[in-house]
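What follows is a single chain, given as structure tokens, in the form predicted on its own.
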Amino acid sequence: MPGRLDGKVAIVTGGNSGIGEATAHLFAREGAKVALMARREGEGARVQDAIRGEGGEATYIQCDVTDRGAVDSAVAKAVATYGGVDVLFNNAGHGARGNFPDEEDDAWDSVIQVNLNGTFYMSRAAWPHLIESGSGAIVNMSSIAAVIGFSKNMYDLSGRGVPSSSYYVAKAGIDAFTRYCAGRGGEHNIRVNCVRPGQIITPGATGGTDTHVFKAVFDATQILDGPGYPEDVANVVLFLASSDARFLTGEIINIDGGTPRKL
């Protein structure tokens, strides 16, 4: 039975762990040739080798998405390796714990650079190749932080901490950029969509424990019990990247256990 991405070339940023790693494995199982892009070489090579060990096709390409030159070079290498780009998953990102008005300038700049600027740089570099594909697809990584507020009670419940203001702003910017690029992509048959995870258990979200750092807040607001996992997000990303979603663009899908408080 053919895979949903047979014959496609997919770039996955932040593909060395968490949601990116799970998505890279799933893309490869569905027939894609996967270009993994991440900063940490050891982790990237590990994922590459694991996919190849499963019979999939993957190449790790070192890339810092905050560096435009590095992004342009990495995309060029992916095209030289596999002949083009059909799918881009802009997954790379991170948050900070400093809360307004005490968030440091460096933390603000770093979060905006990785999440928002990195999505912009990578989309721009891949764009001509997605046009050439004739049926390109971009999936961006947002967060429910882009659309929710919080009360004093929620702030206290989280241990006097929520994601930084820079994280909220960066993810809201990604939502807007998704809608903008969907408008630009229509004439080229490029679909641009976005996912907004909530309580997903990844290394970056657990702080070295077995639970999400904001578990108490999520548990108080979710409709469904328990956390989600990287595979839950990867399954939605695969759908959006595949022809199953051929009539979807400019959409943003929440993967959050039904968190009802979306402003």
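The first residue of the shown sequence is 1; numbering continues from there. Because the structure is predicted, anything quoted here is derived from the model rather than measured.
Only in words, not in the display: the form predicted in complex with a small molecule, which the text now covers.
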| query | finding |
| --- | --- |
| Whether S133, H188 and S242 all lie within 4.5 angstroms of the small molecule in the predicted complex by heavy atom | no |
| 4.5 angstroms heavy atom contact with the small molecule in the predicted complex for A58 | no |
| Partner proximity in the predicted complex: T202 to the small molecule, non-hydrogen atom cutoff 4.5 Å | yes |
| 4.5 angstroms heavy atom contact with the small molecule in the predicted complex for T23 | no |
| Interface membership of K215, the small molecule in the predicted complex, 4.5 Å heavy atom rule | no |
| Contact residue in the predicted complex, from R68, R52, R29, R39 (heavy atom within 4.5 Å of the small molecule) | R39 |
| Contact segment among 101 to 109, 88 to 96, 178 to 186, 123 to 131, judged by heavy atoms lying within 4.5 Å of the small molecule in the predicted complex | 88 to 96 |
